[in-house]
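Read the single chain below, which is given as structure tokens and is the form predicted on its own.
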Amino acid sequence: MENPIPLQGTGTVGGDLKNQHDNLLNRRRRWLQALPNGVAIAVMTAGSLPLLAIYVWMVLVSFSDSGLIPTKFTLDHWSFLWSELNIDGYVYPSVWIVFLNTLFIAVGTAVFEVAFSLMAGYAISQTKFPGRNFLLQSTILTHAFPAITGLIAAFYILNTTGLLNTLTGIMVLKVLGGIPMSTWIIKGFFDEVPKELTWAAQTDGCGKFKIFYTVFLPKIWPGVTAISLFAFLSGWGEYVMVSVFIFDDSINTLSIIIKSLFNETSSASYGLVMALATFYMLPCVILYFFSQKALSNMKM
């Protein structure tokens, strides 16, 4: 005669208990695996929120008619876009002229730094020549010294070449200072391109220039976008070199004007300073959103 009650660990009830136990273990294992990612996301979120709050507050204050606490909406602080900026009788240069000065340094730095870095990165990655390793290591060595220590040498070079007190001189210094790191970054992208593609292109009769823009350039495009963005932001945000090597107020940049206004906050309201700071930040935000897709394809 059969026992109507199944034994523990056997039959339907025992199988259900075993499945529940396995599901519990799997769920616990997944939680433990996801825990480091959750902690990392929580830490990054906690660190980012105060920074995000500062930017939101900056934009709100720029459209507010009061001081540090945003209240009533107004566009008065943005009047520098269509009229002159006059603080206690001192008339600042038109913001659009200052904007173009800043844009000249940023775009010039990005164009020349990317062009020279591409050529240097391609040569170091795809060719072998004496001193190649030393040259590669020296690109990082240049970043081991504080940039401020090179100001005296930079002053001598600019004074000798006649580029002192010119925007071109600032752009040249930014390009020379940024080429080593951009070369190091883009060389890694050249290294990732399979050799078979180069051999196939050579078999088809392609020259080096055609191989560069038909084989390499589509593959390294995220890297080109990255170093372009970094170079533009470096030139756009430059303050130290402009404040040291530019003596003519008519060719100042936005960073200098904002610093000058920030020192005059007793007469120039926080709303005006925040409006100009928001205006200064807009090109960087727009550029970031246009380059976000390419940056997300970068292999870190």
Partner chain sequence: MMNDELQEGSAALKRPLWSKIREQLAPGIMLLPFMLNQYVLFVITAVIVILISFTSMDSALQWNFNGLDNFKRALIDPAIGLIIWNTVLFVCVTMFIKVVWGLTIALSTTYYIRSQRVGRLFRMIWLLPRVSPGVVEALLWIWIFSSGSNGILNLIMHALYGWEPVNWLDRYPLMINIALSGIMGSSMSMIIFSSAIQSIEKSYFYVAKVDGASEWVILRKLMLPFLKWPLTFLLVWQGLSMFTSYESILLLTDGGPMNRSETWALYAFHTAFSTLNFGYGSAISLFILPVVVLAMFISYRVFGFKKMMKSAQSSPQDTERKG
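Numbering follows the first chain given and starts at 1. Remember, it's a predicted structure, so these values are computed and weren't measured experimentally.
Keep in mind that the form predicted together with the partner chain is missing from the display, and what follows is about it.
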So, Ala120, Leu136 and Ile179: all three within 4.5 Å of the partner chain in the predicted bound form by heavy atoms, or not? yes
So in the predicted bound form, is the partner chain close enough to Trp199 to count as touching (4.5 Å, heavy atoms)? no
Should Pro222 be counted as a contact of the partner chain in the predicted bound form, where contact means heavy atoms within 4.5 Å? no
Classify Ala106 as contacting or not contacting the partner chain in the predicted bound form by the rule of any non-hydrogen atom within 4.5 angstroms, answering yes or no. no
Any of the heavy atoms of Asn101 lying within 4.5 Å of the partner chain in the predicted bound form? no
Please pick out the stretch from 92-100, 79-87, 199-207, 182-190 that is in contact with the partner chain in the predicted bound form, where contact means heavy atoms within 4.5 Å. 182-190
Looking at the partner chain in the predicted bound form, which residues in 45-59 have at least one heavy atom within 4.5 Å of it? Thr45, Gly47, Ser48, Leu51, Leu52, Ile54, Tyr55, Trp57, Met58
